[in-house]
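Below, in structure tokens: the form predicted on its own, a single chain.
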Amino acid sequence: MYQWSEEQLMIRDAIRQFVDKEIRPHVEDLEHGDLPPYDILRKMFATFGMDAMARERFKKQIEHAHSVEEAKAAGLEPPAKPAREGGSDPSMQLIPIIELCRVCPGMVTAMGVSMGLTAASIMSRGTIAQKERWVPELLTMEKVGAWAITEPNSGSDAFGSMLSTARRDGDEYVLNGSKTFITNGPYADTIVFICKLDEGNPPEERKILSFVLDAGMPGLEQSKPLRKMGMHSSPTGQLFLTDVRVGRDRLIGETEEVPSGGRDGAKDTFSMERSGVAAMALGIIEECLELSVNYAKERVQFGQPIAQFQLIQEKLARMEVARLNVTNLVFRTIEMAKAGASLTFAEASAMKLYSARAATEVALEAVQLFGGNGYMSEYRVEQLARDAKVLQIYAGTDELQIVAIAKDLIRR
């Protein structure tokens, strides 16, 4: 794959029209008026049948899961995983991300954490009953999801510095702790809460467990949205748990004996999130490049359009190089998904590292090209520069991506 197909371009144009009609007029309220993005996202899902496709995919996944369980119980060979169908073309999931990020990247973060991270963590390790209980409404955005791992004292060292705990009490668990920087935290209906099992042993020896919580549970407090540098359309908040009692049915997998103490599940989720950053970065880069080219043609200084100056041309050329490179990374992701292959953790880290840096550099260069105008919120490059920066921070900082890539190289 070296370019979008005609069908993909038709879908892209349709989504672009929706964005122009339904989102651009509300950007100011999404950015500064405390308008949650969820109703607009639900309208997009309904408009393009994304909710119906998600329900159909989930139905087939659950049917296959039941078939596997029945085969195991009968001592038979489990049926093969069904082949990918046209309706689940990975490009159909990435194109909306790219188009949304051209205008309002925060909406993608809100959507991705809900139907991506939260749902994926339950789908990857949960029981069939747990999947049926919580996942369908997350995949369709009927309910908002949050994935809670970061704590006030733990950023990059998510597991080592984790203080949140689960303590056994008969057939139940009692959860305590606090989480911060949680996307969708203020409005989440369903929360995956990651913590350590406290058995009186040292914190570094404790198992990592994940529980599914519902908003309104006694002892669970969700803060108001936090004020941030960027991604204003993605509500971020804190969670506080004080003696929240849950049954084993809310423990993902309904067992404490999960691979690597639950770390593998979180690692898989991080890998998925990191590879998705490339699509987000591409949207930001495309929009910044288009805005910059148009501005350079129209802005006149020293008697001629600034596009005629070589230093401006260099900026535009570097933006185009970044666009080409990130586009190729997105195309590679699509082709691998079609082939049933997955990115390694190091590959996902490499993709995120490059894409996040490219988007941030392009957005800041766009501000520079616009000069004083670029520093004003009236011009959209100001918002895109603020939004791009967090791509180098969340889902693992640039520094952590470098460590993951280097460790993989050294192990070879």
Partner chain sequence: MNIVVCAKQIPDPAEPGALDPQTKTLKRDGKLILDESDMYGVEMALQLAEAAGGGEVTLVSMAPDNKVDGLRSGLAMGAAKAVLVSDPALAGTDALGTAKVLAAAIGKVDGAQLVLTATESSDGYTGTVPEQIAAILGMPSITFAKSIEVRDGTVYVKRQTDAGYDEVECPLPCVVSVTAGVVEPRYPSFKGIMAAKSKPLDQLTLADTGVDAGSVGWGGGGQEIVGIEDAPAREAGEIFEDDGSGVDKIVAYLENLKIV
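Being a predicted model, the structure only gives us computed values, none of them experimental. Positions refer to the first chain, counted from 1.
One more form of this protein exists, namely the form predicted in complex with the partner chain; it is left out here, but the text below deals with it.
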query	finding
Close approach of residue 403 to the partner chain in the model of the complex, 4.5 Å, heavy atom	no
Touches the partner chain in the model of the complex: residue 354 (any heavy atom, 4.5 Å)	no
Residue 373 within 4.5 Å of the partner chain in the model of the complex, heavy atoms	no
Interface membership of residue 92, the partner chain in the model of the complex, 4.5 Å heavy atom rule	yes
In the model of the complex, the one of 38, 58, 48, 379 near the partner chain [non-hydrogen atom within 4.5 angstroms]	48
Contact segment among 355-363, 40-48, 339-347, 381-389, judged by heavy atoms lying within 4.5 Å of the partner chain in the model of the complex	40-48
Neighbours of the partner chain in the model of the complex among 3-32 [non-hydrogen atom within 4.5 angstroms]	6, 7, 10, 11, 13, 14, 15, 17, 18, 21, 22
